[in-house]
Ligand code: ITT
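Only one chain comes next, encoded as structure tokens, the form predicted on its own.
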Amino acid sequence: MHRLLLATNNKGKVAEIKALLDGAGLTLLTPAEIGLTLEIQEDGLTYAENASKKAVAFSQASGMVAMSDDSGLEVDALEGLPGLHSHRFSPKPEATDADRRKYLLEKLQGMRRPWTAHFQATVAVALPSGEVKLATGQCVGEIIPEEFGTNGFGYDPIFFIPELGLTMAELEMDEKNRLSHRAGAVKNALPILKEIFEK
């Protein structure tokens, strides 16, 4: 069985990626399951740099093919912020997802709606040799001032998808896995995984 290490400790991401790769014929492992603890500084200048850095570090430490992603929310009214700093956007140390959403909405106060935005994701697949292959995905929507839904994490409860009339946090997992930025990137990474494991 082909083993793929998911280079993240984020339980929400692990659940999404496992659902997306269900049926791909891979045994998916987390760092905790193989006893691997790594703290990677996400100081790259692009999503690709951050995703690659994580995937390479986990792949080389484990000797396995590793997959990582980096993603961010880009709000047009804020000129693309929070972007790369989506997870570290609140000035509060130890900020929660709720703190980050609150801070984002405070920044948008007084600006004309709709607050158009998109989620951007890059997936990196790294081999122990250091070789990295990339795939990307995007999901377009807008930020709304009230939270709806309890599924998902991060900015999902305030990210509204107009064509569905729902926030990302109101979607069931199968629907989210059809539409989300991470879903797009992981789907685009499937041919890469296939090529690696069929060699």
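Position 1 is the first residue in the sequence shown; the rest follow in order. All values derive from a computational prediction rather than experimental measurement.
Not pictured, yet referred to below: the form predicted in complex with ligand ITT.
In the model of the complex, ligand ITT lies within 4.5 Å of some heavy atom of Phe153.
Contact annotation: Asn188 falls outside 4.5 Å of ligand ITT in the model of the complex, judged by heavy atom distances. In the model of the complex, Ser90 stays away from ligand ITT, with no heavy atom inside 4.5 Å. Using a 4.5 angstroms limit between non-hydrogen atoms, Glu42 touches ligand ITT in the model of the complex. Note that among 127 to 135, 155 to 163, 22 to 30, 140 to 148, the stretch whose heavy atoms approach ligand ITT to within 4.5 Å in the model of the complex is 155 to 163. In the model of the complex, Asp69, Asp70, Ser71, Gly72, Ser86, His87 are the residues of 63 to 91 with at least one heavy atom within 4.5 Å of ligand ITT, listed from first to last.
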